[in-house]
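The data below hold one chain only, encoded as structure tokens and taken in the form predicted on its own.
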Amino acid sequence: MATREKILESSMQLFHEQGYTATGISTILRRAEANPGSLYHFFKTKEDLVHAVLDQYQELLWPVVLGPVQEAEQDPIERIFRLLDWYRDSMVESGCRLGCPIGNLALELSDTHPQARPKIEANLAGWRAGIRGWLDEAADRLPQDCDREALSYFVLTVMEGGLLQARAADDLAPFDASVAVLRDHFNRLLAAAKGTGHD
């Protein structure tokens, strides 16, 4: 792996594990097995580095997360719940410790590093666009007046809010409860569409 990629991958891991502020450059260098000259050759400041991390997350969203979910599930609505299951599994693996890397950075950096906001929002917009695409595929099964854009926001809110509460409680129950309510909401939407003959 090239030096830049090693630095970037190490930064992604450490920002997720420790947070941006708590992660020092020396720790990144140790993890990447790189020297300061190499880091500053590619990234002039630590803020440049976190911007590159956010760019990398955006580039990896489809090939690493959304694409595999779409390939594994034909039903576009069930893809949403498979995606939520994928995040739940990651929380099980971490013991409810790490949460969403983009959500974590959003909470930590939005007020203190406003220059990062557009890149954070671009990442969240990518998630919403993927979910919205699945909802559009299922449009003929949803009520005609269903606001699919707003629904994509709601799905992401359930995911991020559920993860946040699960971390705080050290328990997956808040996440599971949130997903259960989302499932009920979709069931009601599907039933309403059938009831009006919109299928």
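This is a predicted model, so every value here is computed, not measured. Residues carry their position along the shown sequence, with the first being 1.
The next section is about a form of this same protein that is not shown, the form predicted together with the DNA.
Novice: Given that the partner is absent here, state which listed stretch (25-33, 136-144, 154-162, 61-69) has heavy atoms within 4.5 Å of the DNA in the model of the complex.
Specialist: Heavy-atom contact with the partner occurs in 25-33.
Novice: Contact between H51 and the DNA in the model of the complex at 4.5 Å, heavy atoms?
Specialist: Output for H51 is no: heavy atoms all beyond 4.5 Å of the DNA.
Novice: Might S38 be said to contact the DNA in the model of the complex, defining contact as any heavy atom within 4.5 Å?
Specialist: Although the DNA is absent here, S38 would touch it in the model of the complex, with heavy atoms inside 4.5 Å.
Novice: Give a yes/no on whether K46 approaches the DNA to within 4.5 Å in the model of the complex, heavy atoms considered.
Specialist: The answer is yes: K46 has a heavy atom within 4.5 Å of the DNA.
Novice: Counting only non-hydrogen atoms and a 4.5 Å cut-off, give the residues of 1-17 close to the DNA in the model of the complex.
Specialist: The stretch touches the partner through T3 alone.
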